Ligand SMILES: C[S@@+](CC[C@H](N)C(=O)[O-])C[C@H]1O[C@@H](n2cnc3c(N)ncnc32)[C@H](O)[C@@H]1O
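To begin, one chain is listed below as structure tokens, in the form predicted alone.
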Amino acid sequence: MAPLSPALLDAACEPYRNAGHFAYYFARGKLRTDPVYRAILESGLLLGRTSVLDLGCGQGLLAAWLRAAERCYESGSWPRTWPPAPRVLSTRGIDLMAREVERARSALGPALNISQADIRSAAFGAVDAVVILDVLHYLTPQAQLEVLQRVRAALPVRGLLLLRVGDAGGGMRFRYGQWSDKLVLLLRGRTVVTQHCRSVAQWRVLLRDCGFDTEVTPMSQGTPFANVLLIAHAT
């Protein structure tokens, strides 16, 4: 695997200098080491999607990443083996934590339409694609079901859901991911909450029941975790 483009990483992280040292260095670490951000671009997962909703968006890393990708593609500083950068016209984010929302607004301004709200009750509107990265396991099983049902209602037929989850059937790698999640929550000043996790097979059944076809790709490359990306299309 070729190294991540320094130009892309720098362009995505630079706005976070306006949001403080923590926001900037967190962005650099996360975007450099988390394989899901690279995969979204390298596999062209959001090509043709003009409106994206990021649920549990944190400080807006996905929006920063997509904006940087478009700029790098237009300037010619783009990996030759990758498909074109997606041209997302509208990126919205929802996050519960006021501090995360503040960081996102400080860094991205109007580039991200972000709301401080609970995804269990916030309005989703109508979009082409929904992205949920490492969030649903913090909700109860009933809340997971209800959020996914409302995601399906927000999407057209063949609309896209990108859902990254930990595979509860992943043995020690899965348990390591749980411990890591708890540590990150503590370091970021959040309360540790009970996690409600499922195996990949159980996630796929839930998504099928909510109106999605899914394919699964591993999404923990370079990490010790048991993460997978569920690429789901609305039926």
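Model, not experiment: these values are computed from the prediction. Residue numbers here begin at 1 and follow the sequence given.
Heads up, the form predicted in complex with the named molecule isn't pictured, but that's what we're talking about next.
> Even though the named molecule is not shown here, does A129 get within 4.5 Å of it in the predicted bound form, heavy atoms only?
No - in the predicted bound form, heavy atoms of A129 and the named molecule never come within 4.5 Å of each other.
> Mark K30 yes when one of its heavy atoms lies within 4.5 Å of a heavy atom of the named molecule in the predicted bound form, and no otherwise.
K30: contacts the named molecule in the predicted bound form.
> Should A117 be classed as touching the named molecule in the predicted bound form when contacts are defined as heavy atoms within 4.5 Å?
Within the cut-off, so yes.
> Is there any non-hydrogen atom of L207 lying within 4.5 Å of the named molecule in the predicted bound form?
Close contact is absent here: in the predicted bound form, L207 is far from the named molecule, nothing within 4.5 Å, heavy atoms only.
> In terms of non-hydrogen atoms within 4.5 angstroms, which of the given stretches 104-112, 132-140, 149-157, 78-86 touches the named molecule in the predicted bound form?
Partner-contacting stretch among the options: 132-140.
> Under a 4.5 angstroms heavy atom criterion, identify the one residue in A69, L61, A168, L53 near the named molecule in the predicted bound form.
None of the others qualify; the residue that does is L61.
> Using a 4.5 Å cut-off on any heavy atom, which residues of 95-109 would contact the named molecule in the predicted bound form?
Heavy-atom contacts within 4.5 Å come from D95, L96, M97, E100.
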